[in-house]
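Have a look below at one chain only, the form predicted on its own, in structure tokens format.
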């Protein structure tokens, strides 16, 4: 996505209200165009990059449990407070997850939990057909979230290395991202590939310089 600033209107365009005429022309063209109807469920809609679907906990192939380390970042950043986590300390001082649940009916699908997870434990799959008449079936506990992951892998062919490269803020510096999200993305997903104006670009260059100076000592 590139940001383009609209050129300033001249006097003639202001008098004739060209923008209104352009809008009316677009409406007139669409009025006589044939309708587009997708024959669902026979025709499935395409999944676009960064689609936010059903929640799932990524299963660790070594332990056969979730990758979650109990850092609480996802629960802290969640604006709707739909994530509940309980844990206890193990013998070596590590956090052992006792409960990880998501109340999907409260979720606003912002994706913040996926962005902040340092180990890629929580993800939002491409599954969107999970409506139900019972609230309990959309309240995902840890076992249900792991089952969602198993179902997603079986349907899509992905494994525990799956990371959607678009689960990252557009224009974010790679060094600020969790290691699991440092993947190649299109140029227009980086700050350099966007036209954001002189002041923003200068501020970004200054910030990059300070960051490089801090890293190099």
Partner chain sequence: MMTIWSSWIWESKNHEHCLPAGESMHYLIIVLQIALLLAIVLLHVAYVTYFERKIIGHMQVRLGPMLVGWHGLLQPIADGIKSFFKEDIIPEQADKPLFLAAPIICLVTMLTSLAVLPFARGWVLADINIGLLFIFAMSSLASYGIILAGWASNSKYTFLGGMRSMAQVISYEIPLGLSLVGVMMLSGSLNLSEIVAAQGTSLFSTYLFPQCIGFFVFFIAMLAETNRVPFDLPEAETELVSGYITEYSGMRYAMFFMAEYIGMMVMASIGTVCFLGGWNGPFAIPFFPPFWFILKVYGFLFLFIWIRATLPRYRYDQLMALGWKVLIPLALLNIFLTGLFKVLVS
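Note that the structure is a prediction, hence the values are computed from the model and not measured. Throughout, rigid core stands for the largest set of C-alpha atoms superposing within 1.5 Å between the two forms. Residue numbers count along the first chain shown, from 1.
FYI, the form predicted in complex with the partner chain isn't displayed, but the following is about it.
Asker: Taking heavy atoms and a 4.5 Å cut-off, does residue 44 contact the partner chain in the model of the complex?
Answerer: No - in the model of the complex, heavy atoms of residue 44 and the partner chain never come within 4.5 Å of each other.
Asker: I'd like to know whether residue 64 contacts the partner chain in the model of the complex, with contact meaning heavy atoms within 4.5 angstroms.
Answerer: Residue 64: no contact with the partner chain in the model of the complex.
Asker: Tell me, yes or no, whether residue 20 is in contact with the partner chain in the model of the complex, where a contact means a heavy atom of each within 4.5 Å.
Answerer: Yes, residue 20 sits close enough to the partner chain in the model of the complex that at least one of its heavy atoms falls within 4.5 Å.
Asker: With a 4.5 Å heavy atom cut-off, would you call residue 24 a contact of the partner chain in the model of the complex?
Answerer: Heavy-atom contact with the partner chain at 4.5 Å: present for residue 24.
Asker: In the model of the complex, which of the stretches 53 to 61, 149 to 157, 30 to 38, 66 to 74 has residues with heavy atoms within 4.5 Å of the partner chain?
Answerer: Single hit among the candidates: 30 to 38.
Asker: Kindly check if the Cα atom of residue 30 is displaced 2 angstroms or more between the shown form and the other one relative to the superposed rigid core.
Answerer: Shift of 2 Å or more: yes.
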